[in-house]
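Shown next as structure tokens: one chain only, the form predicted on its own.
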């Protein structure tokens, strides 16, 4: 029985952390090219969770099917945000400007959602919300298992994009030396726009995944941004698979901490691990850079 309970906690932690991982991959991609921590990532995740909720409530579109709409729409939004807000700031050597813009955008989006959807928590309920699998006595919700599949597929897609496509090669090159890539004829604004679009696109994926698992409200965006940042630091900034693994590791830490120490200590333990990693291994547990994907 103790073994089964431990396995349940471990499985729950892995499944719990995959959403963090998707968000961290988006943060990693944006940081790799623009060198800013995009604090608004969590808020955009909640925004797209609301979009998924609306598509289901108003149009009857299944959340997972809504990814066909959410992904291209979020990428277009990301490109528009870069050219409309971050283009000039990205060219400035003082990255604090971009950081302040991201924080301002976060609060703007949060208040926009408060006005449109009110502070009341919402949740996406479908015919498969309560569906669970019970292999060897371990309870695995269908929605969390699907999120794990989406997270792995997303990380693999980003990896293939960075390694196997011409645009991805340009993104990796710009992340290493923007001056040299500019001299080679690569437009840094174009590269940044692509990276930003994909980063917001990943927020759209994470938003849909989150909506199928947890209740959400506008204020949860900031908390989720912090968790994604911790996952990014654990995995290694600029490392795609490291970011995903960092999210899973954070989920395990929170799940184990909540089970063995207490629910109130889960966040404190994860923040403590975050500080220890920053102090003793600032490059992250899995290290690397975007060029290594």
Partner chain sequence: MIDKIYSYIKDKRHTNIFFTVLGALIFAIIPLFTDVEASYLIYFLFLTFIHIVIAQGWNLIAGYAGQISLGQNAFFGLGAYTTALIWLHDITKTGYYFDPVVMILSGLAPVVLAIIIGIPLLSRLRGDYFAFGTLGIGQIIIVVFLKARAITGGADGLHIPSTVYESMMPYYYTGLLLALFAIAVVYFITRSRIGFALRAIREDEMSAASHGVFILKYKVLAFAVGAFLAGIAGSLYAYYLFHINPDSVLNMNWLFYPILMCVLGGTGTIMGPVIGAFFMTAIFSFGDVYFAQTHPIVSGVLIILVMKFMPTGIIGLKDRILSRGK
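These figures come from a predicted structure and were not determined experimentally. Residue numbers count along the first chain shown, from 1.
The protein also exists as the form predicted together with the partner chain; that form is not presented, and the subsequent description refers to it.
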property: Selected contact from 237, 40, 70, 249, since only one has a non-hydrogen atom within 4.5 angstroms of the partner chain in the predicted bound form; result: 237
property: In the predicted bound form, the one of 100, 131, 160, 139 near the partner chain [non-hydrogen atom within 4.5 angstroms]; result: 100
property: Contact at 59, 62 and 259 by the partner chain in the predicted bound form, all three, heavy atom at most 4.5 Å; result: no
property: In the predicted bound form, residue 111 touching the partner chain (heavy atom, 4.5 Å); result: yes
property: Proximity of residue 107 to the partner chain in the predicted bound form, heavy atoms at 4.5 Å; result: yes
property: Residue 153: touches the partner chain in the predicted bound form, heavy atom cutoff 4.5 angstroms; result: no
property: Partner proximity in the predicted bound form: residue 229 to the partner chain, non-hydrogen atom cutoff 4.5 Å; result: yes
property: Stretch in contact, per heavy atom within 4.5 angstroms of the partner chain in the predicted bound form, of 249 to 257, 62 to 70, 45 to 53, 220 to 228; result: 220 to 228
